[in-house]
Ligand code: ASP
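Below you'll find only one chain, the form predicted alone, shown as structure tokens.
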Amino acid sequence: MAPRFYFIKELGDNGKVIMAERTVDTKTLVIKYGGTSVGSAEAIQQVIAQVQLAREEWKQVVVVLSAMSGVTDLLLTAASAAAEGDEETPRSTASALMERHDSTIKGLLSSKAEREITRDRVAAHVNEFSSLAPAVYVLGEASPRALDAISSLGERMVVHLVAARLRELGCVATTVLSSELIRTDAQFQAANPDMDVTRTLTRDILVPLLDDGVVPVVTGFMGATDDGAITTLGRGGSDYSAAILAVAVDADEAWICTDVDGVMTTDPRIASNARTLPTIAYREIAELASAGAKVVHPKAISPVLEHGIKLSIRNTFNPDGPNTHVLTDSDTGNQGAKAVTVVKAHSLLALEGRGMLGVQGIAARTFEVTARTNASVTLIKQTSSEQSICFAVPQSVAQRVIEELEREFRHEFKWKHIDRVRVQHDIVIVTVVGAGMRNTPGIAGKVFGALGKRGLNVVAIAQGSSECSISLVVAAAEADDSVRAIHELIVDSHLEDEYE
């Protein structure tokens, strides 16, 4: 039996609530488009064409959008400048935002009425930024709450352009702020959704629109607290927004549309023979996302798969090309290593000392320090002798972490329990991913052999107990060569038709 839920249809006499039952037997699709997909008038036309085609097949379509490419970075840079006492950068940013969106409006919309309405709506958001920036300037700091309000403006602007163009082409479309749909906690910059409240809000607002044949064009990336404060779900959070909404409306399928042909065996800019994976397991894509592959936000995968919603990764600019379907782990076969990715600009820190042996709490205190400095630990390695703890952090925060470690362990340095904090800058982390690796003998040996043949040196390694991934630390200068060496191994180990 199809699942059922209820929403308030209208208020009857004496304020009595009349409930309407909806059986989820309609076909519902949620499509999320990234920043490059809406980065220009020409790109948006591609989005519009795909939405129109989707409407022919799907009874109900929800569109979720990221900001135009580069806009969020522009907003955050301007906010940082204002906090540092720079008044001019926010002014020039406001002008640049208006100019870019206005230029896109002129190239996209043919109706004078739609152009004027859309321009006014975009201008209102630009004016909001112009009001927030002076407050940041006066305070001398950009709080997480202020940054969320500012960084979400890009999404709030672009939805008006897409909805207006859909209307011009005869599609009933309306903009919806996800802050009205997604209820979150107050952890600004990386908020967590309250799915029970979100489900209720989404069904009260989106479902009636869908039932009336309307295409909701929804802002990605953002939500709101109970008291209405804007929050964001973290960078890349538009993917997560789409997953949340797909679950809330019981969608049949969700598409994440980017500027590449699905999930590839590696970055095609590094290896020209990179190929699209037709299928990928949940664990594999989660590992890839965590290891730096910009395919989908790690948090976006679990909700849709847990609720049986099909998920695929597609290319906005090559809609008829190959795409990748995300499957449960049990639905994928044993294919060994499937992809390799790299995360750059890291530093490798090692806390070393013969006196560390048997001293309790060293590891716990080490990672408490990284938490205090808001540093993301990408890789951890500890020797069995307990004389060294080695971990990788982004190079931009490495010095801050070192200073905090030296402060935290000042007594241990004095007592010679710890000798030093050794650091190696300019390293990268290359990760090989494949759920089938655990059942394929000799994978690690083949990986090291491939690197050795090219004279490439591995500084450190880490492998999880699940054996779904192997991470290698190499010098930044050897990053691309390392990826290419491992990628050749992956491609050569599979039949050609697996990627065709």
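Residue positions are given as counts along the sequence shown, with the first one as 1. Because the structure is a prediction, the values reported are computed rather than measured.
Not pictured, yet referred to below: the form predicted together with ligand ASP.
- This chain is drawn without ligand ASP; in the predicted complex, the residue among 303, 236, 336, 353 with a heavy atom within 4.5 Å of it is 236.
- Residue-level contacts in the predicted complex: of 104, 370, 179, 72, one residue has a heavy atom within 4.5 Å of ligand ASP, and it is 72.
- In the predicted complex, every residue of the candidate spot (67, 155 and 221) has a heavy atom lying within 4.5 Å of ligand ASP.
- Of the candidate stretches 190-198, 236-244, 84-92, 390-398, only 236-244 has residues whose heavy atoms lie within 4.5 Å of ligand ASP in the predicted complex.
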